[in-house]
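Take a look at this one chain, the form predicted on its own, written out in structure tokens.
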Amino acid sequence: MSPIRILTAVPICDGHDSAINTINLEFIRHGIEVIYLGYHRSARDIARAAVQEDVVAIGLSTYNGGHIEFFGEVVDLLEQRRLAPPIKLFGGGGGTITHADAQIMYGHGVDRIFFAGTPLEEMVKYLRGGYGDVARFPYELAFAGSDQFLSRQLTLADNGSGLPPQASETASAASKRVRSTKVIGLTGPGGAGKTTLIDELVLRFLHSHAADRRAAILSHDPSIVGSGALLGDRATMIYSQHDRVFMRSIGTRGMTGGLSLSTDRCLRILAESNLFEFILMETVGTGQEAIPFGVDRHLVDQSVLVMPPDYGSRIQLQKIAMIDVADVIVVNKADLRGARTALTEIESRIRTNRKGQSLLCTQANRHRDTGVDQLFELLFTGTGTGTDTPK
């Protein structure tokens, strides 16, 4: 049976995330895949993410008041999408939501409110009992071109059922087809700043491309062995919470190497939808041996290795296999000690490759970072000045 997928979030103007983090961990331990949107999120952000992730339910944790109106707005936004089956909404807020409030919220379409002192086991039982066997079927062709139509295709592909005919093609056959959508793969060790870097690239895309152009993000997070997964890349996204951005989170479900068994299928569904100009694919944090996109790079058009300055000694650097196959190598977090040394050592490492690799230095958490500007021009317009010599 496929894992239950839910979205959790904290509403706008509320920064209390300790309770939701505890609840998330309990859900994950019981085999549930949790897409965590983070705190201070608008109703529109929550509804958009829930549709794109094709979750069965949304869980909101609120301690700041205004819950009757906020929960009602989320329900209204979901109902406008004519989702099948409908996405249910549950939540709690300690002593903030009264029993009288809950009755009003039930009347507005909220499915369940948990009050202070509710055992975590009861919440897990609620999810398993209400959503453990929810069937997912493709949307009718009348929905083609919508986010929910695409999201359901991805769900069926991720679960290994209801795949489109082309999903049986071999990777080599797929690589020979001409793609109108450019696919950019980003990989690197955990903590290198891949998600923040992607968010900054998306910001530049939104500013530089026409309003009818869209981009997609296919993000991977590790599944806990024998349990669920915390798919939390959305929680650190700021600019990607936009109607022109489609984002889908995938758990590895036992697959090693940075991707999932369903990655190839999901990527092709996104590319062949013809809805996106670019697809940014982020892997799980990878180790020295990982070459997630393959040596022949059949999954992506360009591959980017994102590295922090503190990768270790030069000997450790020699062991990183992805350095030999990446099109672009980015030393992120340029404000940290050792960034300049890292650039010099990596430049020396790739000098003998003679593959025309580009080496850049970025600080993705800095507003209008020129290194990110350069990376964007290199990847999205092909006019960047990245070279195999650090500038």
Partner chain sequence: MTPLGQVVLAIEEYRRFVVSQIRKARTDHEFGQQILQKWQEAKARIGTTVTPTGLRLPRLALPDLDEAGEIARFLCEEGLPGEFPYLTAAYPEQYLEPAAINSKENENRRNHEKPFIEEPTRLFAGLGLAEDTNARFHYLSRNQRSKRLSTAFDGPTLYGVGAAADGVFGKIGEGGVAIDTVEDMERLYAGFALDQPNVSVSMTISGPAPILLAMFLVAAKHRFGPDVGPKLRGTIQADVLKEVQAQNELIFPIEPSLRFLADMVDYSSREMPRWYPISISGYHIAEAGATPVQQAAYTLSNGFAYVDYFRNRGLDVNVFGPRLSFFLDCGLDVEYVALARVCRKIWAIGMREVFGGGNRAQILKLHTQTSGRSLIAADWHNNLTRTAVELMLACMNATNSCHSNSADEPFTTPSEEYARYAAHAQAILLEESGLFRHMMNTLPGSPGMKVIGNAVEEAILEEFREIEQQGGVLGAVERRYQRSQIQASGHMLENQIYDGVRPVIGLNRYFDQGRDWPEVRMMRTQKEQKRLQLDRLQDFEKRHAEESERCLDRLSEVVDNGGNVFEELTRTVEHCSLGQMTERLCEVVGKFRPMV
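Residue numbers count along the first chain shown, from 1. A quick note: this is a predicted structure, and the numbers were derived from the prediction, not measured.
Although not depicted, the form predicted together with its partner chain is the subject of the following passage.
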| item | value |
| --- | --- |
| One stretch from 299-307, 286-294, 230-238, 253-261 that, in the predicted complex, holds residues within 4.5 Å of its partner chain by heavy atom | 230-238 |
| Non-hydrogen atom contact residue 96 with its partner chain in the predicted complex at 4.5 angstroms | yes |
| 4.5 angstroms heavy atom contact with its partner chain in the predicted complex for residue 381 | no |
| Residue 370, heavy atom within 4.5 angstroms of its partner chain in the predicted complex | no |
| Residue 351, heavy atom within 4.5 angstroms of its partner chain in the predicted complex | no |
| Contact test, all of 131, 181 and 377, partner its partner chain in the predicted complex, heavy atom 4.5 Å | no |
| In the predicted complex: members of 319-337 within 4.5 Å of its partner chain, any heavy atom | 335, 336 |
